[in-house]
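Next up: a single chain in structure tokens, the form predicted alone.
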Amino acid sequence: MSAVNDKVKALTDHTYGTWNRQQAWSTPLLITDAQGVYFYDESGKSYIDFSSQLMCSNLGHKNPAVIEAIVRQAEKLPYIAPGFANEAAMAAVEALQSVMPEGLAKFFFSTSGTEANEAALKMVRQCQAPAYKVISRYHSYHGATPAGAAFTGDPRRWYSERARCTIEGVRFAPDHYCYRCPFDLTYPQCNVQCARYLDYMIKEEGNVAAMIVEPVVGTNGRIVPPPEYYPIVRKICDDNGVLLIADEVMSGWFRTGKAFAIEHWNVTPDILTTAKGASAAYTPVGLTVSTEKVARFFDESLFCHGHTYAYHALAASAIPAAVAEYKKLFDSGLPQRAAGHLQQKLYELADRHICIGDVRGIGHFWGLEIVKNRKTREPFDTKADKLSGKALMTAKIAAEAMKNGLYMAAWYDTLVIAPPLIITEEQIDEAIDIMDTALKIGDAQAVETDVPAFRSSEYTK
């Protein structure tokens, strides 16, 4: 074991750990294998992957069909410059056309979600000129490049702004956050003010080119909007000549029960960005997809964007296989059954644990908001705490679960429940049992009240 530890230390001594103080990167767990919904450390201990790693391993680990497609491509043509056509990209486009929302027809291939959003920014600022502003929301994450960081509402944006590494012209709108409504209103009496306010904001700002949204908020809460929200937003954008960008990097690829989350509201964006589940995380791939109306602008105008790995053959090769596996999986009915079971089990957890303030989500995409007091909704931790180095309650709960064989991603206020779409009801029960024990850490410091947990998911059906 000491030889393994020495190699891990050599790695951490010479690499930067992402989103971390580097002293916390000194002892990462070494993962040596993965299969299905489990992954394994160097001692052979198994962990249930209850967050699909970073909400990307939607088909689980070692899917043979996807692996075979990648191996075939690696043996034939791993890379060719993007100025050439390649068969892998051609097959990927055909597969993508079979699942994309109707009206989205033209693709740009990159290698990550933040790159997909970077391309979207260039497109809207060129075809919408002289308008240039982009409206985002405070509970959002759109990536780590200058455009992605600028669009992002969560506290990592603060560091990018200090380093002057973000673009200008981004404005933030109120969130559709029923549990903590920014207008202190209650649905449905609120008349969905969070959406209607956008019309006032766009008119007062002027020069607004686009609005970017995560149809279901990802990192920052798994927040599902009221049913009227996106139809209202779509109309406001149309009335004001503003393009709507749907960031489906995390919420796409059947995670919410549909191929793309925006389809739940029968709304078509002008541009859709996605990554992660496009290849089920087997290869790094990002996609920026536009309507023909947006695409026509570039028939005569220069599309001034590209990079070495655009339309990368090996990356693209995973897409057709992943699309076929998603379709086969949903034809089996397993994800549909598991999603209902997961929802019920999370509701039951909330009934047993006073530290759970809100249960919200859809499909295989859920968040548990952890609070100190259900009655006042006082949080254990805030955005500022996330950056301070403070030991967060969500991290403590997640660490306890990890000791007992359950991996959950944790943000400063929520636990991320986003298992692979292949998970069974029995495996969900196994995970919930581990969570049941771990959540006692939060209960021990929470205030006992007679207020039940909120269920935002019941407000947003």
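The structure presented is a predicted model; accordingly, all values stated were derived computationally and were not measured. Note that residue numbering follows the sequence shown and begins at 1.
The following text describes the form predicted in complex with a small molecule, which does not appear among the structures shown.
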| Of the listed stretches (138-146, 296-304, 335-343, 349-357), which one has a non-hydrogen atom within 4.5 Å of the small molecule in the model of the complex? | 138-146
| request: With the small molecule left out of view, choose which of Thr288, Thr256, Thr114, Gln73 has a non-hydrogen atom within 4.5 angstroms of it in the model of the complex. | output: Thr114
| Listed residue (Leu272, Ala92, Val249, Ile262) with a non-hydrogen atom within 4.5 angstroms of the small molecule in the model of the complex | Val249
| query | Is the gap between Arg222 and the small molecule in the model of the complex 4.5 Å or less for some heavy atom pair? | reply | no
| Taking 4.5 angstroms as the cut-off for heavy atoms, does Glu369 touch the small molecule in the model of the complex? | no
